[in-house]
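The chain below stands alone, shown as C-alpha cells; this is the form predicted on its own.
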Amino acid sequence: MKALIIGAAGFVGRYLARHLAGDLHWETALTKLPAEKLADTDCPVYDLDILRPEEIVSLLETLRPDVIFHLAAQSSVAVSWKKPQMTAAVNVTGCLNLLEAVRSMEGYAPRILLIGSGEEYGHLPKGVTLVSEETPVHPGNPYAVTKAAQNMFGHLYARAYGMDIIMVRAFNHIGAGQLPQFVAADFCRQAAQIVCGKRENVIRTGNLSARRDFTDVRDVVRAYGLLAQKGQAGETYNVGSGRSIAIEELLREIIRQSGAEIRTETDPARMRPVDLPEITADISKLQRDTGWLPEIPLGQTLREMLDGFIEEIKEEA
C-alpha cells in the first residue's frame, strides 16, 4: 500500500507516519511546507504548499499514492479567532485544491481521508452531550466552521463525482510533542516549568468547567489506518475515546503527577470568546466498521507529556 500524508510536519503527522511505515509497513511519503523541518524519519519528504494547486498535481502524478491522508490545516481554535481569513484559506481552499487535483487526473482514484474535528458539532441542543455523526453541526468558532465546510465538500465530491473520500471528526487528541497552544500540553508545560524551578508555583488557566473527549494520539492514528482499510466511502466517522472529562479534572491529574505544590489562577486572556460546556464522541460507528477501541489510558498519556516537557526544559538549561 502506498500512502501520502499531506501536512506531516505537524503533531499528528509524525505519529501517523510512524504508524503507517513502522506498524503497517506501508510505503509512506510525507509533505511539509518549505519552511518546516521534518527530521527523524526514513520516509521520503516533499515540500508542498496546498494553496498552490499545480504543486499538488505535480506531486500526485509523481507518487500516485493509494491512500491520501489530508492533515494539512490551521488547527488552533485560538489562532482561528485571530486569523479567520488564513484559517479559511488553508482549511477550505487547500482541501478543495487537493480534491480538484485528484479529480483532474484521469484513471486515478485514491482513497482520501479528510481529517476534521469534533469542534464541528459546536452548540448542542440542551441536554445533548453525546454526539453521533448524524448530530447536526452548529460550529461555534472560525476553525470549526472551516472544518464543517471541508466535511461538506468531501460529501459533495464523493456523491457528485464518485470519489473515494472518508471524512473524520477527530476529537481532542493529545500526546508527547504537542505544542503548548493546546490545553493539556499547556498545563503539562507549565507544570514542568514549576517542577524544574523555572516559574512560580502557579498554573494559569482558562475555562476549567468545560468537559472534553481526550484520546492519545497513538490511538487516533491507529483509527486513521483502520479507516483507510475498512471505512465506507462517503461516510463521516467520529474518532474519540467515547467519554468526556472536565478540564479541571485533567489539570488535577497533571498536578498530581507532577508531585509539586501548585495553585491555579484564571487568566482572562486564556478564555475563548465562545466555549462549549460538554461534548463526547459517540464512536459506535467507528467500532462497528473497523473494530477500533482506544487502548492507552489518559493518565499514561499525561505522564509521558509531562516527562517530555521536563526533559526538554532540562536540555535547554
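If you're wondering where the values come from, they're calculated on a predicted model, not measured in any experiment. Note that residue numbering begins at 1 and tracks the sequence as displayed.
Not on display, but discussed next: the form predicted in complex with a small molecule.
Contact annotation: of the candidates Ile68, Leu286, Ile50, Ala281, the single residue with a non-hydrogen atom within 4.5 angstroms of the small molecule in the predicted complex is Ile50. For the candidate set Gly231, Gly240, Gly154, Gly116, a heavy atom within 4.5 Å of the small molecule in the predicted complex is found for exactly one residue, namely Gly116. The shortest heavy atom separation between Leu298 and the small molecule in the predicted complex exceeds 4.5 Å. In the predicted complex, at least one heavy atom of Ala9 sits within 4.5 Å of the small molecule. A residue is said to contact a partner when one of its heavy atoms sits within 4.5 Å of a partner heavy atom; Ala72 meets this definition for the small molecule in the predicted complex. Heavy atoms of Tyr143 reach within 4.5 Å of the small molecule in the predicted complex, making it an interface residue. Segments offered: 288-296, 60-68, 33-41, 247-255. Contacting the small molecule in the predicted complex at heavy atom distances within 4.5 Å is 33-41.
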